[in-house]
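In the block that follows, a single chain appears as structure tokens, in the form predicted alone.
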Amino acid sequence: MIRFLLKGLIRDRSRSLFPVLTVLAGVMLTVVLYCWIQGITEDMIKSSANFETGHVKIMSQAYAAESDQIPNDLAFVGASELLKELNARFPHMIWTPRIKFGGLLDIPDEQGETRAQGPVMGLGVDLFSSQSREHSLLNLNNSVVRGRLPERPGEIVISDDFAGRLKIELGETATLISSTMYGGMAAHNFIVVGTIRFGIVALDRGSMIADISDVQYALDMEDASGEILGFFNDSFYYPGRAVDLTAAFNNRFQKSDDAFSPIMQTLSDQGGLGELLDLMDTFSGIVITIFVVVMSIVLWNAGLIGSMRRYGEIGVRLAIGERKSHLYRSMIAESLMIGCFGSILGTIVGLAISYYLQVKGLDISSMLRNASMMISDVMRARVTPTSLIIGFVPGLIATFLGTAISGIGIYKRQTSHLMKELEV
């Protein structure tokens, strides 16, 4: 029976071509949109975690309450001891201290007078320790545009766009003007040894990176750290494990009556990222739901048109004694074959387009000139195992629903009127 139906669909293209193309287009769009959303979400999580939030972040309670203002005067002292305890209690995590700071970067001329000056967002990270994973987390080795990364104390790298605006040459002295941990004025000289570009507009606009020990000395933050970031060893974010880790840490270290006691927050708890990730998941579900509904309506109408064209055929089959239920099931079987074939083709085409977007990406830097979010200026899709079925299953469901609805008309045909219909 299946072979008979398949031969009929192949020989009569008017019954199969339009539905197949419709399913193909819908499945392709669903796969591409899903992979695109997955790519945006993964890029946002990765960029935010590596540069801003970590998978979990430890701060003092006072610092956490005002973290958007980077209040280094509320940083906790004794970071080295806390790091030792973290490595002992949670060895499956990567722990790294950081200091974020803002200020002015002043470039003097030959007479020591200001030649150029601009606001800078700085990041103090562990660059020299052999156990440090900062080079890979921040992708520093692949981000160098000119020069090299710091190899000795007193050296820094700055964003290439920032260096271009201030006309800074490699080897020049740059003076950081900022505030100390205790509210005093800080002025410290660094040597610019390289420029970098992360591909994130918020960072490439004006940033500098120095070793954390240099920043601690410059800002009078001896053995202090504004933040300690934690990462899972495989670099993937697991919300459930992060929540359990946070609960265990806070039960052990957090003291409600001490504003400077450490508190841990997950990535989802910071900067509204949890709500944003939930929104992205909801949007994925909406895309698939809309696809099923719209495709069902389209295929329903296609089924109605097909039933009108096959009106005589259906009448003949009923007149020679074929049961209505059998005829109805055969039409549904035909639709499932069409849906399967169209879904396979649509999935293949959608995965091909998604893979191209994953490798090449789409440059949206012109749209992010004033962006402050940690998001790459090259958006890429992400092909996952779920991409193989995300369009295939809805494609079958849509064709099934479309034919099931349009095929109900078979049961409305009256056997007593069939001969009169055929005479006409």
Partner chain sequence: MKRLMIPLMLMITTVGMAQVPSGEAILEKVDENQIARNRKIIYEMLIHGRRGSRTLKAQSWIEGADRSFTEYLEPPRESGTKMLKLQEQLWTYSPSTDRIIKISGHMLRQSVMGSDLSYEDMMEDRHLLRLYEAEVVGEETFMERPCWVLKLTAKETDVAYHSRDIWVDKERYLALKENRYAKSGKLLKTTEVKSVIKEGDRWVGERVVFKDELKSGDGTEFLIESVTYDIDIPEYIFSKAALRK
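Numbering follows the first chain given and starts at 1. This one's a predicted model, so the numbers in the text were calculated from it and none came from an experiment.
A second form of this protein, the form predicted in complex with the partner chain, is not displayed here; the remarks below concern that form.
Although the partner isn't part of this model, could you tell me whether A62 comes within 4.5 Å of the partner chain in the predicted complex, counting any heavy atom of the residue? A62 belongs to the contact set for the partner chain.
Given that the partner is absent here, does Q254 sit within 4.5 Å of the partner chain in the predicted complex, heavy atoms only? Result no; Q254 lies far from the partner chain in the predicted complex.
Taking heavy atoms and a 4.5 Å cut-off, does V77 contact the partner chain in the predicted complex? Yes, contact at 4.5 Å.
Applying a 4.5 Å heavy atom distance criterion, does I286 contact the partner chain in the predicted complex? I286: no contact with the partner chain in the predicted complex.
Which pick from L170, L336, I177, I290 sits with a heavy atom within 4.5 Å of the partner chain in the predicted complex? By the 4.5 Å heavy-atom cutoff, the listed residue in contact is I177.
Quick one: of I107, L351, V193, M264, which gets a non-hydrogen atom within 4.5 angstroms of the partner chain in the predicted complex? Partner contact (heavy atom, 4.5 Å) among the options: I107.
Based on heavy atom distances of at most 4.5 Å to the partner chain in the predicted complex, which listed stretch, 197-205, 111-119, 274-282, 146-154, is the contact stretch? It is the stretch 111-119.
Relative to the partner chain in the predicted complex, which residues of 178-217 have a heavy atom no more than 4.5 Å away? The stretch touches the partner through T180, M181, Y182, G183, G184, M185, A187, H188, N189, Y217.
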